[in-house]
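In the form predicted alone, a lone chain appears below as structure tokens.
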Amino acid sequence: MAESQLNSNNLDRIDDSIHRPTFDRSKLKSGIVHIGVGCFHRSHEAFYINELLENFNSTEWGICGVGLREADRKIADIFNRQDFLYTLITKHPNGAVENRVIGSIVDFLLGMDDPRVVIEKLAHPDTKIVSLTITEGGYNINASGEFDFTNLDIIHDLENPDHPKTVFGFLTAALKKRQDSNLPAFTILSCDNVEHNGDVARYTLLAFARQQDPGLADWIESKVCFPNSMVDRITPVTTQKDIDYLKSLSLKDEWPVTCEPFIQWVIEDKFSNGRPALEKAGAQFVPDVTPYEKMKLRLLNAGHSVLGILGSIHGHETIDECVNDPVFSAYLKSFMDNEVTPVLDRVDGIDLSEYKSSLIERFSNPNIKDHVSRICSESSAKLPKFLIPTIHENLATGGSIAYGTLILAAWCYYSDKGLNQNNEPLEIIDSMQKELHEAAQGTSTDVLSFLRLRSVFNDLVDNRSFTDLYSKLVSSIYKNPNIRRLMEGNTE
């Protein structure tokens, strides 16, 4: 069979093993505008909406993607060539693979090229939900937990409300238009791995809006809903192997997405202007997301970081390689049982023992080659949200901090040396890489130097119980970076 470029004209030519959309995409309205279309959005929210469109008549809930960074131009170009279609490759632990062309995204706009087009789209009456995956660091919060008004792009947006650069500038410009036109407000739905993500989105947008237009801020406060949500699906970076795999099925997809079969979305049922019936597609609506998101962030996301940082120093390349190592698996289980579980709230309908066992199974999926460098990327934004709060809570209650503290000590070595224990270079991806390296570099003369980076660690350096253990572990790692030795010592 001749290779077919993925687009609307070639859908009928695609191999029968690949499921294709059966709904009429030409009839879809963009009821959802999503800012930050990456692999996770395409494996998660776009998949849920696709399921809804496929099985129920929900023509008002198509998705228009929006990119606000120059890096988004690549996916914009590919989407335009592929009529916004892409293939989702779901890889099961037993080797089974499901391939599905996703058709829920029907448009994509770049805010850098013409901000007015994006603002008009956001302000359009069809737009009922604006969803976000802007990463943990995208909410522009400083170490004190306050909105950072020193950000140069924020300063620009405050001075140039009609030509914004940031998500805050675009949202306020669009909401101002809706207010002036007497249109209902849209819902702002965060899909980021941030605890209380809706509350964080609300706080940051209101902080920006109050500085720019206090009257608009009052309107946003009273009219816009910001539901909290918990999102979950392991989605590694697309590789050339994934692209070549589809080529073996005679399909040319320039940017497919791979994922695990597990998927979960728990959403606070609080919307400004209607919502899709996502419960029909498997999402769960609840009055309070808090216990679900805390469970997921502290166990799955922190567990990923535990494996990623320790695995990087040891020399493991992927998460499945880490968790299939008995020492790493035992360490992760001990961390979850001894330090995370005691500080979690009761989660209705969830058996924590089964949930933790499922995480081990998901992490060990041999067909999801999630590289440790991706898991460790932007650790400066992740660890203060996923791991450090667990340490603080255990310090307050007299619980164990041994496992979490070793992660931070290992992160110091990782940030300072940039090498694994075999002296091989590590790929470090972090917007604060320079600051982390400089702080960690001082460890040889000041064992607490890394912790003095308060924008990441806040006041941990002031806690004697923590610093005594941290100092011991850091000194041990620097003397001998054989990380397994220290892990085995913790799990004995």
Ligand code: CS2
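Here the structure is a predicted model, which is why all the values come from computation and not from measurement. From 1 onward, residues are counted along the sequence shown.
FYI, the form predicted together with the named molecule isn't displayed, but the following is about it.
Ok, 233, 356, 178, 294: which has a heavy atom sitting within 4.5 Å of the named molecule in the model of the complex?
Looking at 233, 356, 178, 294 one by one, just 233 meets the 4.5 Å heavy-atom criterion.
Listed residue (187, 301, 338, 204) with a non-hydrogen atom within 4.5 angstroms of the named molecule in the model of the complex:
None of the other options qualify; the answer is 301.
Flag residue 316 as yes or no: does it have a non-hydrogen atom within 4.5 angstroms of any non-hydrogen atom of the named molecule in the model of the complex?
Flag for residue 316 set to no.
Does any part of residue 375 reach within 4.5 Å of the named molecule in the model of the complex? Heavy atoms only, please.
Judged by the heavy-atom cut-off of 4.5 Å, residue 375 is in contact with the named molecule in the model of the complex.
So in the model of the complex, is the named molecule close enough to residue 193 to count as touching (4.5 Å, heavy atoms)?
Taking the distances in the model of the complex, the answer for residue 193 is yes, it comes within 4.5 Å of the named molecule.
Pick the stretch from 233-241, 104-112, 81-89, 67-75 whose residues have a heavy atom within 4.5 Å of the named molecule in the model of the complex.
Answer to the contact question: 233-241.
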